[in-house]
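Structure 1 and structure 2 below are the same protein chain in two forms, each given by itself as structure tokens.
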Structure 1
């Protein structure tokens, strides 16, 4: 389970969980756009980034995801940190505004490199946390419904939005069943002497074949039976269907939409107008 921290639904009942999934997708996109604005000075970049990070952290806290899960979702980032540092330190920074970090026989590295690496890292963290908030607080099926809603306008171009949503929801429904099948076939083949972990490449390839083919076969059987069952229960992809789950837009959703739009508007304004709060206040900015 540890490997699936990111993208897993965590069943709590926070106000974020209760938000309309359509709104959550839109708000996530709005906040993601905020992440990518540029500002004139390092002070402004870190101030605006820090503000956004604070907002996102509050959202994470609101979803009641455990601190361990949050750390878990960031656990593979150390690799990125090292990679970023190497790139930025090795590649000379053209228009630097910060002082020299060191000068080793003409190899000049400015603090800009570290600041840039730090900013990229911050952006990555924010994006991961935003995705975490969305996926941890929204059932996959609700995401599917929301997606269907966004795709509905494409029906004009004969895009089968409802069918796509049905396919996705059935795929989600059958993931645990297929995992069980996988477990069972693996055990059966292990009993027949297959070693999935050791042995020559050829032997292991044979082992994988002995797993994949039975899985294909049983999936085909399942899908055929499922198709029959659906047909017999009156499913017709072309026909109009009513919905049991109807997404409702509440005042809280409206508030969340207004707030996230306002945040985006603020970031647009500051960025486009090249505002520098530090200069306005007369402070020295970097």
Structure 2
């Protein structure tokens, strides 16, 4: 859990840190859309997915997030991969473009199942990396301002934009804190003889129960302390608030917006037109 950096701000003076938080949220959404585009062949799916993965990995490196931390935060995805692989093997899709992997007494397993599970894994990794880049390069207060700015038009319908933005920001801020509390409670319970890794299923379930209850109590205590601290500082969600730091767009924000929009436009074009670069190279060779 120490390697998990979701919601934790990493102070550094990189060009990603200097971007406007409103632009970073928009760019994250645009890249998230690129993650879910479909393409005609498996070769194109992995080519476009690998290209987007390379772009996101460059962003991770520029944010100065340790790749060891990223890999550590993804180490629990193996269960998801195995689960998806079992689902795709037991419930195969009728459209098979790859040959059979094996045939056991009429039970046919195609390579499409493994390819689909790998593509889902690649999408999950890219989504987590994009979230890490956003939260690690944006201060929680700036993220709150950006979310409130996007929710401002809903104030016409009496939507509590400021309150919702504050709730989302606090939730992201307390993810690392809850993980640290989880590690602390696990060590405390282990010192009292609770085994979270060995024993029967019932013993493990009881061990998880001994972990969840203290976490709930700790979370409620923290929330009450935070509410009291905000009230002591005069926080009033209904009052009109001023800001010490005013957000402004700069030329770097415009450049980042143009590049992310161009990347999205390219993926839309390739997906809608069903382009296959490998087939085009084959025609060119002929």
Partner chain sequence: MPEAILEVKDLHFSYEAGKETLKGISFSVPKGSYACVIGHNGSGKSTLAKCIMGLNSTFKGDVLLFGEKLSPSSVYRLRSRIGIVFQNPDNQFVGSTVADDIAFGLENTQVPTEQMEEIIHSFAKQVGMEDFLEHEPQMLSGGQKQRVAISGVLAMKPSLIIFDEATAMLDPKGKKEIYALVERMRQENPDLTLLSITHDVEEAANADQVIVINDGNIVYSGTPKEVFSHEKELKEISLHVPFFFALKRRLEDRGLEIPEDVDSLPLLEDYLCR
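C-alpha atoms forming the largest set that superposes within 1.5 Å between two forms make up the rigid core. Positions refer to the first chain, counted from 1. If you're wondering where the values come from, they're calculated on a predicted model, not measured in any experiment.
- The form predicted together with its partner chain corresponds to structure 1, not structure 2.
- In this overlay on the rigid core, residue 235 has a C-alpha that sits 2 Å or more away from its partner position between the two structures.
- Here residue 114 does not count as shifted, since its C-alpha moves by less than 2 Å between the two structures after the core is aligned.
- Hinge motion between the two structures is captured by two rigid parts, the smaller swinging by 20° against the larger on C-alpha superposition.
- Aligning the rigid core leaves the CA of residue 164 displaced by 4.9 Å between the two structures.
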